[in-house]
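We begin with a single chain expressed as C-alpha cells, specifically the form predicted alone.
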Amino acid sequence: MTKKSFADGVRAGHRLQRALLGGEYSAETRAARTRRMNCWIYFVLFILTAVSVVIIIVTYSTRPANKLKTTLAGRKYDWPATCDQRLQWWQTGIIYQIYPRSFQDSNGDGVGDLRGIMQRLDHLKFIGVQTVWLSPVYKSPMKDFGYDVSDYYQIDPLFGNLRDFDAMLKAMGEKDIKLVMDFVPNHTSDLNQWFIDSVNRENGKDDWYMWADPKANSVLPANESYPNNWISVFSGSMWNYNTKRSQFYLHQFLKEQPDLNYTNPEVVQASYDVISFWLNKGVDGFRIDAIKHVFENPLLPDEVRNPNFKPGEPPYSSLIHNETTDYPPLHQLCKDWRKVIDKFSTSQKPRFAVGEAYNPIREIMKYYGTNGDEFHFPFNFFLLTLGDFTGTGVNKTVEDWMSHAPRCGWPNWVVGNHDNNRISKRRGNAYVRAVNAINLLLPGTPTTYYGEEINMQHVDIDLSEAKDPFALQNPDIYKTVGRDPERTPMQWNRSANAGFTNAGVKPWLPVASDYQTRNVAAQRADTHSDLWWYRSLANLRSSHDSFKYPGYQAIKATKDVFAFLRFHRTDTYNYLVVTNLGQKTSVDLSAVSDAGDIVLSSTFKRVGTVGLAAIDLDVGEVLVFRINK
C-alpha cells in the first residue's frame, strides 16, 4: 500500500464518521451524541443481563431440590437420649472374623498361624477393620478344628505358642486393632485333663461332665441302652458309652467333645478362671460359642419329633430341641460371665462379650439380658440365614430386629462365617457388593468373614479331601452340610498357593482355582474392585455420625429394591442407601428428596447430583446419596 492510498483511506473514514453523526459538527455536538450512543449501549447490556438472570432463576427454580422432606412414612429408629452416647469400639468398628488355619501360613506347614496373622495386619488397616474375632487357637487335637479344647491355657503348636500370641496381641495394639477371642464353654476335648480325671473319678472331677447310667430295664446291651433319644448336632446319638465308668457321657457335638456339667459350681468357677486368664493377657473380649447348648434338662426326657422334618435334612433336625437348648439356668450363667468380664473393663480399655446362638427372634433377644447385663449383643444371623433375600425380605428382617431389640440394645449384623456358605454361593456374585453394603451401612456393628472383602468363592471340596467332621459324619449329604468350601485359604496374590503358604507346600484345604485373578494384590491395584468397594463402605461408616449411631428409617422395600435412610442430629447431612437385590429396575424415591448427591456408587461410574424421581438401577447396584437436612 502506498502512502497516498493510505491517506485517501483515512480521509474516507473521516467523511463516513461525519455522515453518521450528521455531517460537520461542533465539539459540543459530538460529545452529546456520544453520550446518547453510550446510553443505548448500557441499556442493551442491562436488558441482556436481566434476561440472563431470569433464565438462571427459572432454571434453578425448576431443578430438583436436594432437601430432605418431612413426610416420610417408614418407622424411624434413633439412639435414645437415655442410652449411653459415648460409643465404644465394639459399637463403631467392623468385626472381622479370622479362621486362623486359613489366613496366612508363616512357617510352611500348609496351615495358617499367629505369626501369619501378624504379617497381614496392614491389610486389615487398609480395609478399615478395627476388631479381629479369632476362631479358637487353644491346644486341641483338632477333631473340630479348635472347638475341641484340650487345654484352655495353651496355644496349639500348630498356631504357635504363648510368646507368639503375646507378640500378635502387641502388634494389634500398636495398630489399634482389638482382639476378641473365641471361648468354647459348652464342651472340651476328650483329651482334656479335666475329662480324663472325670473318667477316672480323680481330682474331684467325677461330675465335671454330663454322665448318665444306661436306660433302666432295657433289653439292649448296656452300651446301646441310651438314656434317651437325643441326637447330636453332627448326627447319631448324643450319648457315648465309657467302659471305664460303665456310663454314658453327653456330647451335643462330636463324641470327642464331651459336654461340661454347669450345675457343678466348680465347673462354673473354672470357666471364670479361663476368661480371667485371657483378659489378664490383654484380650479385649470374647465371642462365646454355642451358648444355647450349655444346659440340658437334668431329668433327661425324650425330645419330641419334628413334624416338619424332611428326608435329606440333617438328622439333628428330626427332633425339637426343647430339652437340650436354651434351658432356663443358662441366662444366669451368661450374666455371671458378663460380671467377670466387666471386672476387667476400664474407661481406657472397655471389654466386650458377644454370644452365638441360632434362635428365633424372641429367644435371641433374651441374651441382651435385663438392662443389658448379659451380652453386649447376641450375634444376629437373620440376614445370613434369610431365605427370601429380596428387598421386602431384607426390610422385614431388619424391622424384626430393630423392633424387638430392648431400648438400649445395640444392633448388629452378620452375613458370613465359618459355618455357612460364602456370600457368592448363597446370594450370587452379582449381589455381593449389595450384601456388603447392607452389612456395613445398616445401624449397629457389622461382622465380616475373612475373604468376603474380595468376594472369595465357594470351593467345591471332594469327599476324599474333606476335613470337616460334619461332612465326614454325613457322607450322603456332605455337599449340603460340609463347611470346608467356606474355609479355604485366603487369596493374597497370584503366586503359588495364592501367597497363603510356600510354593510346593500342600495347603490344608485346596486353594480356589481363580486365585490368580481373584486376590488381594490384584484388587488393590484395581480401584473399581470388590476390595475397594468394601474399603469405601468402611471409610463412609467411620467418617459420619449418621453411620456410627443407629439412626435408621426404612424408605422403600419391593421385590427388587431395599432403600433406607441413615441420620444423626450432629451430622450435616442425611444419607440415603439404595440397593437393588433383584433385576434391572427403576425406582422413585422423590418422597425423600427431589434430588441427592451421589457419594458412593458400586459401579464407581455415577457421580454428581441427580433427581430421585426415577433412579435406574442395574442388577445388584448400590447407590448412596447425601441429602441436605
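Note that the structure is predicted; figures quoted are calculated from it, not measured. The first residue of the sequence shown is number 1, and the count goes up from there.
Below, we turn to the form predicted in complex with ligand GLC, even though it does not appear here.
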query	finding
One stretch from 553 to 561, 284 to 292, 343 to 351, 88 to 96 that, in the predicted bound form, holds residues within 4.5 Å of ligand GLC by heavy atom	284 to 292
Selected contact from W337, F547, F253, W533, since only one has a non-hydrogen atom within 4.5 angstroms of ligand GLC in the predicted bound form	F253
Proximity to ligand GLC in the predicted bound form, single hit among Y449, Y147, F159, Y515 (heavy atom within 4.5 Å)	Y147
Interface membership of T131, ligand GLC in the predicted bound form, 4.5 Å heavy atom rule	no
Distance check, D419 to ligand GLC in the predicted bound form, heavy atom within 4.5 Å	yes
Y138, heavy atom within 4.5 angstroms of ligand GLC in the predicted bound form	no
Residue contact check: R120 to ligand GLC in the predicted bound form, 4.5 Å heavy atom	no
Neighbours of ligand GLC in the predicted bound form among 464 to 485 [non-hydrogen atom within 4.5 angstroms]	R483
